[in-house]
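Taking the form predicted alone, here's one chain by itself in structure tokens.
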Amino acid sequence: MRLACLCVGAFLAAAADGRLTAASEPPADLAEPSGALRRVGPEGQGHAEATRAWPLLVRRPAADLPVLLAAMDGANPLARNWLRAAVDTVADRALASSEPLPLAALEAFLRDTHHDPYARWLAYDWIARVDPDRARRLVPGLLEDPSNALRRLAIEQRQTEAQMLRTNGQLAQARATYETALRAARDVDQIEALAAALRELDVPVDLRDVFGWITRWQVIGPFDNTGLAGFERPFPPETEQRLDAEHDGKTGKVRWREWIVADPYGRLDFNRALGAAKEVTAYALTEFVADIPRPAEIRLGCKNAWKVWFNGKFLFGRDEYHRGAEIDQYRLPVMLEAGVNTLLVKVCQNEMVEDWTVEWEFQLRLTDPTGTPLRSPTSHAAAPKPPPSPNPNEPSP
């Protein structure tokens, strides 16, 4: 989350690059009180100033709602909560006094994807409260919206349409509608529901492809993590990734080996790839080919301690075990270079032996900033062809 700006100059910068229309530029008597709310921060920072500014804001006419919403652009979560409360107070007061809300201006704000996603959602929410039919007409245009909350509305609408087509026996149209929704879906529950509906209509769905998981890896390990010391210890794969190299592992020599992920949710299970172990660490390496330089996000889910390097540079790590894993749990912004980009992931396992601690795995994909999967011919496998297990008693996936 970007930090809140410390002055209302953010409004002027936004206006300069087109994010604010002339109608939403703050009047002189609104810039300072809205700026006071933007300066709210943790540990009481700016709260006294915001409290003094509050009465000035909540007396504003409903026509100023787009300006208050625009003040959320770049605001930190605490400041955004104050501004949201101000928006709701102004709108509620206007409706109670039969003052019309500026629906056309709110719709224009909603359509401008440069604005804060939450502020755009709030604009939609007030449109829906006042004019549900107008809101419903807006929903189809949100299918590819960068805001997941707004995109979700359009997915729900397509799901309902597809179910009606299916009920009416229009199966080809139902399949096409479900497939369109699935391509746009980003939330796990919607993806799973759409995939299930398509399978019921005899349409095969590969969730590995839908999510865009990276499935082709080179793995090496295990290395030692006794006493949790392996997280900070730089083992050889952190400085060289020669695939023909041999290194000293925890119990003997270790070498890189290919591992192709068969799991539909992209989980690379080191217990299967390298053999079940505790107090160990391992590495996974892949290449991602990009046709042009572009911003991207590395999206990772992992319940173990982990570190990530991108193009040889350390990005981030988390020295925490068994916190629970979720899809897209961690998002690391990167700039893809044209050509080959390298990704190195380190995952550490601790000493605990309870059943719920044995997982030693991660899942990873690259997306654009909206969550749309990016694909590379070098990092995805068309079909799972896992190598034989290193442990003869451990079945291949």
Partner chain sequence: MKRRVRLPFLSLAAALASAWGADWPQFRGPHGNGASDETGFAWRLDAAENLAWQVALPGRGLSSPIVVGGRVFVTAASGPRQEELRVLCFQTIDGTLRWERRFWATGRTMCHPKTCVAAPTPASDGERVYALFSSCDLICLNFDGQLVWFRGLTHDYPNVSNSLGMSSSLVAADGVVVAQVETDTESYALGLDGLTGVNRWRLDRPRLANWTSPVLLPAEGGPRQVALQSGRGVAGVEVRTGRAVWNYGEGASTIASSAMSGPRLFVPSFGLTALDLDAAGGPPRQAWRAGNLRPATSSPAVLGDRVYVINDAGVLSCGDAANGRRVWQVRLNGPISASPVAAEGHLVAISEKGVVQVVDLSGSEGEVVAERDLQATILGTPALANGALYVRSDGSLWKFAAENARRKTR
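Between two forms, the rigid core is defined as the largest C-alpha subset superposing within 1.5 Å. Numbering follows the first chain given and starts at 1. These numbers were taken from a predicted model, which means no experiment stands behind them.
Although it is not shown, the form predicted together with the partner chain is what the next lines describe.
Residue stretch of 250-258, 284-292, 316-324, 202-210 approaching the partner chain in the predicted complex, non-hydrogen atom distance within 4.5 Å: Within 4.5 Å of the partner lies stretch 316-324.
Interface membership of residue 129, the partner chain in the predicted complex, 4.5 Å heavy atom rule: Judged by the heavy-atom cut-off of 4.5 Å, residue 129 is in contact with the partner chain in the predicted complex.
The partner chain contact in the predicted complex: residue 77, any heavy atom under 4.5 Å: Contact with the partner chain, yes.
Heavy atom of residue 276 within 4.5 Å of the partner chain in the predicted complex: Output for residue 276 is no: heavy atoms all beyond 4.5 Å of the partner chain.
Non-hydrogen atom contact residue 329 with the partner chain in the predicted complex at 4.5 angstroms: So residue 329 counts as contacting the partner chain.
Triplet 176, 198 and 361 all within 4.5 Å of the partner chain in the predicted complex via a heavy atom: None of them does, since no heavy atom lies within 4.5 Å of the partner.
Sole residue of 166, 216, 307, 84 within 4.5 Å of the partner chain in the predicted complex, by heavy atom: Checked against the cut-off, the match is 84.
Residue (of 297, 73, 125, 263) lying close to the partner chain in the predicted complex, criterion heavy atoms within 4.5 Å: Result of the distance check: 125.
Heavy atom within 4.5 Å of the partner chain in the predicted complex - qualifying residues of 47-63: Those in contact are 47, 51, 54, 58.
Shift of residue 158 between the shown form and the other one at or above 2 Å (CA, core fit): It does not reach a 2 Å shift.
Core fit, then residue 117 C-alpha moves 2 Å or more between the shown form and the other one: Indeed, residue 117 is displaced by 2 Å or more.
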